[in-house]
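Here's a solo chain for you in structure tokens, the form predicted alone.
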């Protein structure tokens, strides 16, 4: 009998994490993954608090990118308003956090409220969309309209107060509490380094959890819906229910990211639901590759880093850069940069399959 902590346990874990629905099924990939994760956790010792704080927000945006990758890339639901749920989660966290921080002593309730409110709101929207048989481009238009409507409503909340939080209109909500775990006398406010470690851990857990989901039976059904919704329905699956679940869960993940963003900056304003904000995650997922998880992660981090540097030069350069990258990738790498790089690597090395696993499982490297 194999020891539960030995090679057998590792093999079972890899069986959960690996499959044809995700890039990166080789031993070399996992070694590289461990190196990257290890570097993430020693990074605070190599940089200053300002850079560390900026990178924490990059990790938050990467979680948002993962949520869109699943609902759009793997399920085929083109949600152009994913930032609407991101913003809803951020505003909910801010309102509940400001109102209850003196009572609870922590932000646990605020985080939970952000996720629950976002899931319920997305489920309501999704119910009318999917059970009303709205699909394709019309879903994109409707979700974008929801985001823009949310932006317009929030802009007009200059003198509006909910609980102890002043919405502030264009000026946004200020004084949002930072992440504080626990409650009462046992509450622990997280400093810059602690927030970095927590968000980094959440990012890694989200990525691995989504790999397990997409390589499960449910993940294969999601891909079947993306490829041919009508045939999947004919096979006996309740497509509307499955799409509603995927839409709501990924919206909840986006709302969770929004809560982390609000806690990170202690501020949120209506621009998070604007047209520009709604377009940016679409660019990340398109550039990285819609059929991957690792692609949107890399693209979100790289493009956000470059955008931050360009914003110090001038406000318009960021949009020009993102627009140019988006157009070039769509024209020359329609499947995304990461899948194109992987394909090129396989051509040059002749390593089309993972020799460490099976001849039917594709490897990323």
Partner chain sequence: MSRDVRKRTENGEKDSQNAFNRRNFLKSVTVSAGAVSLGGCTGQIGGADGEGPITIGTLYDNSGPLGFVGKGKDAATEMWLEQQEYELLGREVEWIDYNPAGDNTKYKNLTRKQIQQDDVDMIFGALLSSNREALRPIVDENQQLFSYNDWYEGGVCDEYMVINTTLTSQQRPLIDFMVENFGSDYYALVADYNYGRVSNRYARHYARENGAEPVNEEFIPLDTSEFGSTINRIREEDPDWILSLLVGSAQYSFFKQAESAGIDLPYGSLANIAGTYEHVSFDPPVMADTYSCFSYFQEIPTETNQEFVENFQERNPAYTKEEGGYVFLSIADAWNAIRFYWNAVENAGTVDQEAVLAEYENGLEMDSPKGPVTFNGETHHATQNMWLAKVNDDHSVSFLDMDGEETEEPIAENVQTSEWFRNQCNLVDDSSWDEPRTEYLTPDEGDLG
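Because the structure is a prediction, the values reported are computed rather than measured. Numbering follows the first chain given and starts at 1.
Below, we turn to the form predicted in complex with the partner chain, even though it does not appear here.
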Problem set entry | Interface membership of residue 264, the partner chain in the predicted complex, 4.5 Å heavy atom rule | yes
For this session: Give a yes/no on whether residue 47 approaches the partner chain to within 4.5 Å in the predicted complex, heavy atoms considered.
Result: yes
For this session: Considering only heavy atoms, tell me if residue 105 and the partner chain come within 4.5 Å of each other in the predicted complex.
Result: no
For this session: Give a yes/no on whether residue 123 approaches the partner chain to within 4.5 Å in the predicted complex, heavy atoms considered.
Result: no
Problem set entry | All of 99, 109 and 206 within 4.5 Å of the partner chain in the predicted complex, heavy atom check | no
For this session: Within 4.5 Å of the partner chain in the predicted complex, counting heavy atoms only, one of 115-123, 91-99, 256-264, 197-205 shows up; tell me which.
Result: 256-264
For this session: Would you mind checking 143-161 for residues with a heavy atom within 4.5 Å of the partner chain in the predicted complex?
Result: 152, 155, 156, 158, 159
